[in-house]
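Before any questions on binding or motion, here is one chain by itself as structure tokens, the form predicted on its own.
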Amino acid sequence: MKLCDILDSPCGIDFYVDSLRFSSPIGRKTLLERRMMTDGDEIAKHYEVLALFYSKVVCNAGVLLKIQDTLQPVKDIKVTLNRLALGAVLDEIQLFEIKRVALVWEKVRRLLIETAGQIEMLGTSESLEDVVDVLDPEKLRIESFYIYDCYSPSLAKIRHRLKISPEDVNLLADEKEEEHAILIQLAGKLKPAAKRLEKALDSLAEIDINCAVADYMQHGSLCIPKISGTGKSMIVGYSNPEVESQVEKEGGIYQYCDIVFKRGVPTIVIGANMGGKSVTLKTVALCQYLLQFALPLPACNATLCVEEKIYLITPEERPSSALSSFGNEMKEIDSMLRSTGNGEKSLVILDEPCRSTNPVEGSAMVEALADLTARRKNVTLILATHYCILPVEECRWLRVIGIENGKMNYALVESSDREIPQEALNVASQLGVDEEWLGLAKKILNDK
């Protein structure tokens, strides 16, 4: 799975990516093409580089701006580099693009070495000065390229004669022939460097990503998480950047919360309507995805397990199909159950499953789902529900504190009481809903 494959996820990862300020198109493109990592060591290596950028590069505004400015003209020229590797003769525009990449690489890698030292993962020890020398025989170190006179004494003589007789057809033909011969020579000289050029282009894209992400860390509340080896995960002071932005636009104050969950022990989240359960679940999914794409989390600190699969099944509207919303949900849960049955380590997040069916059957199905996943010690389940369920297997219960002093407290607290809080009428009252309707509803509840 690639990052671009989950941009339409309801967890809000599209908002996160759009908040990053890339210097070149290849930075964003490379990040979107990054695959989801399931190896903790690989994730840790990416985080080590990011931490270096955050501590050494971003804090030095002058260096950051120089790197970002230098990266701006870089384009994806892998098609050209593939042609070069196959021995094709390149034209002047393609050679100009190669020269520009080599010059940018040399400038950026020197800035990084001076600021942060050698970075093995980015290959900063690999020089492309030899490529620059081939394409810059006059040692001017400027981006422009043309077929220089100094490449060939014969070409220099032909061009000198053309200044006297600029319309001489034979001389013009000789010039073209000599230029083509030089292009063939240049292709032969540059062909051995094709792979190094491609690696440098990849590294420039990664440098752009690290600059953008480290800069985002500097301006937001994000952290580099630790990787858990115990099966226990913890996110402290988490937020959902998209929701936080909306709250702040409306003049509100976003409440940061904490959550702890464990593989093999389902976490059941209960609480009032509008208590933030859905936002919590989406934020946990966002944080898990960010970990596995080696991006910083919107939290004060976090320790998360590495998963092989991530499932976020929510009541969001699904693409039109012949099935009802309940039918679509059943197919998604069934697919998850079949997949997790093979032992893959998986994070499963279910937001009010079976909510669209009758409560008698729905509660039974949710209770069975909690018991079934609890027996699969490879599964980390977080489930939000309004149903009263009594799973046989061990579960951890978290409850949204709810309304306190007339305000909603979104914090989660551990609860031994499995009763679903009855705060719907209080929440409706806080929203200014018709008092006659709520009064009648209270009377019916009291009469039962």
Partner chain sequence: MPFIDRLCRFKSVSVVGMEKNSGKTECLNYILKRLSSLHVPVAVSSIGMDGEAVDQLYGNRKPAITLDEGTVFGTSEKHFLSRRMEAEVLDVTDISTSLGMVVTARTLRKGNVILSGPVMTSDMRKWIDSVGCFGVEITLLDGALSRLSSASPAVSDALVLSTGAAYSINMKELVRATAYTVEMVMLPLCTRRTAVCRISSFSGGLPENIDELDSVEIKGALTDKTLLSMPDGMEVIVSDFTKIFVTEAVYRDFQRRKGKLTVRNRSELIAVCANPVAPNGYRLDSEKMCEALSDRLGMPVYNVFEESAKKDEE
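Just so it is clear, the structure is predicted and the values come from calculations on it, not from any experiment. Residue numbers count along the first chain shown, from 1.
The discussion below concerns the form predicted in complex with the partner chain, not included here.
At 4.5 Å between heavy atoms, only one of the stretches 295-303, 213-221, 120-128, 173-181 reaches the partner chain in the predicted bound form; which one is it? Single hit among the candidates: 173-181.
Using a 4.5 Å heavy atom cut-off, which residue among R263, R100, R376, R109 comes into contact with the partner chain in the predicted bound form? Spelling it out, the residue with a heavy atom inside the cut-off is R100.
Just one of P137, G251, P153, P166 has a heavy atom within 4.5 angstroms of the partner chain in the predicted bound form, so which one? The residue in contact is P166.
Looking in the predicted bound form, any heavy atom of I93 within 4.5 Å of the partner chain? Because a heavy atom of I93 falls inside 4.5 Å of the partner chain in the predicted bound form, the answer is yes.
Is the gap between Y256 and the partner chain in the predicted bound form 4.5 Å or less for some heavy atom pair? Although the partner chain is absent here, Y256 would stay clear of it in the predicted bound form, with no heavy atoms inside 4.5 Å.
K232: touches the partner chain in the predicted bound form, heavy atom cutoff 4.5 angstroms: No, K232 sits far enough from the partner chain in the predicted bound form that none of its heavy atoms falls within 4.5 Å.
Is K75 near the partner chain? Define near as a heavy atom within 4.5 Å, in the predicted bound form. Although the partner chain is absent here, K75 would touch it in the predicted bound form, with heavy atoms inside 4.5 Å.
Looking in the predicted bound form, is the partner chain within 4.5 angstroms of a heavy atom from every one of E367, W397 and I401? Checking in the predicted bound form: none of E367, W397 and I401 is within 4.5 Å of the partner chain.
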